[in-house]
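As a starting point, one isolated chain is supplied in structure tokens, in the form predicted on its own.
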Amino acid sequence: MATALSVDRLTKYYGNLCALDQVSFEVPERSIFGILGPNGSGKTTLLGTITDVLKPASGSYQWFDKKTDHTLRKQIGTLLETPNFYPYLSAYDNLCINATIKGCPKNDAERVLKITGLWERAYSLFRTYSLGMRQRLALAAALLGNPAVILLDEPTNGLDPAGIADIRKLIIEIGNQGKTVILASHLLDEVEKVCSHVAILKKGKLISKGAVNEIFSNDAIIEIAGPDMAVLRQVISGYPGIKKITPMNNTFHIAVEDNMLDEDINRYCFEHGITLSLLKRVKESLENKFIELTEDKAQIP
């Protein structure tokens, strides 16, 4: 699969505070890629850096395997902060102004209003729009010029449940049209329901990355070993809650239910005549990782 964005050891400081610490990942083209972390984990700093708003201390990034230039920037639509629209103008007129600034045809406003479901209210004044409609209009502005990539920073913040559902559905529809969507969020539920891939940030560090259907598993992985691996496999296969046993060199990785305790597995093996030489948890469920993330107190923009 082609790569839309490559981030290589990206590092950013605010004074002595390290906001991004050698962050590296790749965003597959035509994916919906989530950047997940609590407020203060470095998500906004990362988005600001890959859009040239902020300069990194070290590291690099490339869009479509090329260095950023004016032409490439036109392929990136952004919704990174609360958009400014003129309250006394219609949605259509506001988008025409945005189109002029972006250097794309004014008639593109009709296309993006239809995509975002706002065409019937195209000539209503912006001040009459609900919060959810305003957010959809902001997304319409990001779609002007038909960019290949859409960057979204917390796109459902402040919306009611119906507005959240509308924006999430719209993001999925945009992704299905072949766009690459990069979505920063502090909401586990949002990334799980919308994204195909995810990178998880903690205090500016990348702690996990990969396909959502792999990382969002509720299974934990425990590594075990014993003096007789054949007997160990036979014994552990009989333990309730074991979902999968994978040989890994001289150990087994066992996928277990997330609430299963290590000491229960150790006791079970001992009661069946096996003294384990190794027992360690090598992968927690994403929910546990996310709980760990949200308990952090450090604040990074």
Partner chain sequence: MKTLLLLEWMKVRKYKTFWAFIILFAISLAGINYFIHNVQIQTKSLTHGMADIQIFSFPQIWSTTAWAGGFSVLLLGILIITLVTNEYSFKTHRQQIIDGISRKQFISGKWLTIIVFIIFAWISYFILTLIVGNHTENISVFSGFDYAGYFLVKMAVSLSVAFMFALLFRRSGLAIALYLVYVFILEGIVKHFLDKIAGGLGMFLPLSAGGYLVSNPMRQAIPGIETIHIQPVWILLTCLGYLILFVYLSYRYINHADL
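Think of the rigid core as the biggest set of C-alphas that the two forms share within 1.5 Å after superposition. Keep in mind that what you see is a predicted model, and the values were worked out from it rather than measured. Residue numbers count along the first chain shown, from 1.
Not on display, but discussed next: the form predicted in complex with its partner chain.
- If you check its partner chain in the predicted complex, you find a heavy atom from every one of Asn84, Tyr88 and Ile101 within 4.5 Å.
- Stretch 101-109 is the contacting one of 206-214, 226-234, 101-109, 165-173, since its residues have non-hydrogen atoms within 4.5 Å of its partner chain in the predicted complex.
- In the predicted complex, its partner chain stays beyond 4.5 Å of every heavy atom belonging to Leu201.
- Proximity of Val53 to its partner chain in the predicted complex: non-hydrogen atoms within 4.5 Å are present.
- Taking the partner from the other structure, its partner chain in the predicted complex has no heavy atom within 4.5 Å of any heavy atom of Ser196.
- The closest non-hydrogen atom of Val181 lies beyond 4.5 Å of its partner chain in the predicted complex.
- The partner is absent here, but in the predicted complex a heavy atom of Leu80, alone among Ile115, Leu80, Leu188, Ile221, sits within 4.5 Å of its partner chain.
- Taking its partner chain as it sits in the predicted complex, the stretch 10-45 comes within 4.5 angstroms of it through a non-hydrogen atom at Lys12, Tyr14.
- Once both forms are fitted on their core, the CA shift for Arg168 between the shown form and the other one remains under 2 Å.
- When the rigid core is held fixed, the Cα atom of Thr100 travels 2 angstroms or more between the shown form and the other one.
- Once both forms are overlaid on the rigid core, the distance between the two CA positions of Ser124 between the shown form and the other one is 2 angstroms or more.
- Put simply, Tyr86 and Leu47 come closer in the predicted complex: their C-alpha atoms are 3 Å or more nearer than in the form shown.
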